[in-house]
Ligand code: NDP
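First, one chain by itself: the form predicted on its own, in structure tokens.
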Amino acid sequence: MNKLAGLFAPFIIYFFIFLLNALLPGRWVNGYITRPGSDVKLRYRLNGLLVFNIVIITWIVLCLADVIEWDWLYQMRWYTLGGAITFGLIFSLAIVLPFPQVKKSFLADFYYGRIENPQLWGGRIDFKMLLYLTGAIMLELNVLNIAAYHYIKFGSFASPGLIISSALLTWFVVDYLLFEEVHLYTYDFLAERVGFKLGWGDTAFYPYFYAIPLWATAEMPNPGTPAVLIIVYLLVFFSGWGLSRGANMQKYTFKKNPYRPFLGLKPEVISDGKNTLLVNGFWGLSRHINYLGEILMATGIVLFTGYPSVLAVWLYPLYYVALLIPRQIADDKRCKSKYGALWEQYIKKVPYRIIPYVY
């Protein structure tokens, strides 16, 4: 019975998130994307942080009432992972099959999706935002359960590094939800459709794979990481966070108001009279400096676990490398097609792709 509950837990949790997202009050905003065939911006209703808080509080109340154990999701991790994989497959089929063919093959359509920005009820539910929210909350539940398991197992001998890694992943999730509107201006909303990649990726891959450094070290005792290294690891993580958050905020500020300074820095641009590109601040360091930030944050989280020789923990930052370098190449091709000679001018102005002076 407990195993069956584990298998269906993601279905229940995801449905609960859907209901909260639909029913709780939210803030209406205009996005960057326009409706097909018009200049009208898509509308979004944002309440991610409120939904997150309600789900986490509900989980804590259930634990305090002894309805579930504090580390239940970790104990049932293989069954809940199986449930999440199944849910992701069902959702992917449901969001692809009803819509017209886009690619030459069904597999390509299934993977990338056929519809760009599916919404319900005039934007009250936006499926991209719902998917990211669902993955973020399930990731946080997994993080809390892994940390609880580790503390229950080791007590006063628990690893401070694993607890800090858990806290930094929580920071990662909460930071995303605090700046929910900013992400309406990122690559996913500009260029991607909803299929297996986003549907399965956000409901099965994201909430489980991102926690892999904790999964791989939850059974291990305190490695005794020196305090000086903890400071270095904090610098790695927050340097990455500063690059990622700073770059996304500068782009968001620029797209909302091209003349508004960001952190006291006036925008420097190049233009062909029709399109305008930002070339200073974070976006003068490299063309995708935010990708470097994501990789550094993941690296900091891995280092905090205190077991750099465990190869499994490195799957998390390596995934970012495998994801973001092809995305950078694809985005550069898209921008070259869109901006033409202006993009060539931009490349001369900002020659580095991701890592300044290296790549």
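Throughout, we count residues from 1 along the sequence that is shown. Note that the structure is a prediction, hence the values are computed from the model and not measured.
If you look for the form predicted together with the ligand, you will not find it shown, but the lines that follow are about it.
**Student:** Residue-level contact is defined here as any heavy atom of the residue lying within 4.5 Å of the ligand in the predicted complex; does W70 satisfy this criterion?
**Tutor:** Close contact is absent here: in the predicted complex, W70 is far from the ligand, nothing within 4.5 Å, heavy atoms only.
**Student:** When the contact criterion is heavy atoms within 4.5 Å, does F52 count as touching the ligand in the predicted complex?
**Tutor:** No, no contact at 4.5 Å.
**Student:** Test of understanding: in the predicted complex, would L277 fall inside 4.5 Å of the ligand by heavy atoms?
**Tutor:** It does: once the ligand is placed as it appears in the predicted complex, L277 has a heavy atom within 4.5 Å of it.
**Student:** Answer for H288 alone: is it within 4.5 Å of the ligand in the predicted complex, judged on heavy atom distances?
**Tutor:** Taking the distances in the predicted complex, the answer for H288 is yes, it comes within 4.5 Å of the ligand.
**Student:** Spot the stretch among 42 to 50, 317 to 325, 299 to 307, 61 to 69 with residues whose non-hydrogen atoms come within 4.5 Å of the ligand in the predicted complex.
**Tutor:** That would be stretch 317 to 325.
**Student:** Here the chain is shown alone; which of T217, N117, N248, S92 has a heavy atom within 4.5 Å of the ligand in the predicted complex?
**Tutor:** Filtering the options by heavy-atom distance leaves N248.
**Student:** By the heavy atom within 4.5 Å rule, which residue out of Y187, Y112, F179, F209 makes contact with the ligand in the predicted complex?
**Tutor:** If I apply the 4.5 Å criterion carefully, the residue I get is Y187.
**Student:** Mind listing which residues of 211 to 227 have a heavy atom within 4.5 Å of the ligand in the predicted complex?
**Tutor:** Not one residue comes within 4.5 Å of the partner.
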